[in-house]
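Take a look at this one chain, the form predicted alone, written out in structure tokens.
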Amino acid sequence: MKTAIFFFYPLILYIVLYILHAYICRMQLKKLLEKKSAEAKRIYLPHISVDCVVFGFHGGMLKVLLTKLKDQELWGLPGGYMLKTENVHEAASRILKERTGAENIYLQEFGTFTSLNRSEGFFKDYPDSLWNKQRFISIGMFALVDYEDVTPITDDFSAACEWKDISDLPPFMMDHREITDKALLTLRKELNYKPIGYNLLPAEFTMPELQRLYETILNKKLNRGNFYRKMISYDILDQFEETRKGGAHRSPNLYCFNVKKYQQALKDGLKEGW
């Protein structure tokens, strides 16, 4: 009997410490939110929030940046509120700079989320006067970033801020999975009339790397020859004279986006889509 108790003692201690840690985090977050509530009412626009779906591309995978509050197991999108002196793009840029340190991020508004019960039950243990517990209409913004330019940052409210593969997403809080799915659907649709890649790829890349990006976003395989011909016909790429060195196979050609032509294609659209 004593042996059995001795065997389970570390497990029991771990459970007790885990519960205690979760309780402390919850109390710390509650105290912080209540402290910030009065300030939020003074500086932010009421009933409007911004949720950002940040896409990055790394290791042949499309990724999205997610956060987790200190007392929550569910994950969410980096978001926040609009200062009374900001428009939505300025608010999103500020929020993402605080979260990633990156500036001059490509941002696009893709939807507005107005469900009556968007945050129902999320702050159920808090007083009704809490700023965060009010009903908010969320403006969805998606961002395209170079993965290497981003350093995920946790703020006072968060326990984690991490990249997650779009094909293996964790459980979401509130309606953030719906927002993420809508952002990805919008990105896929945009491939039919706008160029994608300038903000997701490094300055120099190969055609197979660009094709892999498109395949990942579209979630389907593309014919190599057709992809090459179509990308060249868009006339938005410049080819370098040198090739990428290394590897056992023939060195692939290196390309970069012609910024002027790329920006024009964003305005005018492409000749044909996918």
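Each residue number is its position in the shown sequence, starting from 1. All figures in this text were calculated on a predicted structure; none of them were measured in a lab.
Although it is not shown, the form predicted together with a further copy of the same chain is what the next lines describe.
- Exactly one of the stretches 217-225, 201-209, 59-67, 33-41 approaches a further copy of the same chain in the predicted bound form with heavy atoms within 4.5 Å, and it is 217-225.
- Contact annotation for L83: at least one heavy atom lies within 4.5 Å of a further copy of the same chain in the predicted bound form.
- Mapping the unseen interface onto this chain, Y126 falls outside it, with no heavy atom inside 4.5 Å of a further copy of the same chain in the predicted bound form.
- The shortest heavy atom separation between I139 and a further copy of the same chain in the predicted bound form is within 4.5 Å.
- A residue is said to contact a partner when one of its heavy atoms sits within 4.5 Å of a partner heavy atom; K230 meets this definition for a further copy of the same chain in the predicted bound form.
- Out of the listed residues N104, S167, T151, N192, N192 is the one that sits within 4.5 Å of a further copy of the same chain in the predicted bound form by at least one heavy atom.
- The contact residue chosen from A159, L130, V88, M173 relative to a further copy of the same chain in the predicted bound form is V88, the criterion being a non-hydrogen atom within 4.5 angstroms.
- For the stretch 103-127, the set of residues having any non-hydrogen atom within 4.5 angstroms of a further copy of the same chain in the predicted bound form comprises E109, G111, T112, T114, S115, L116, in sequence order.
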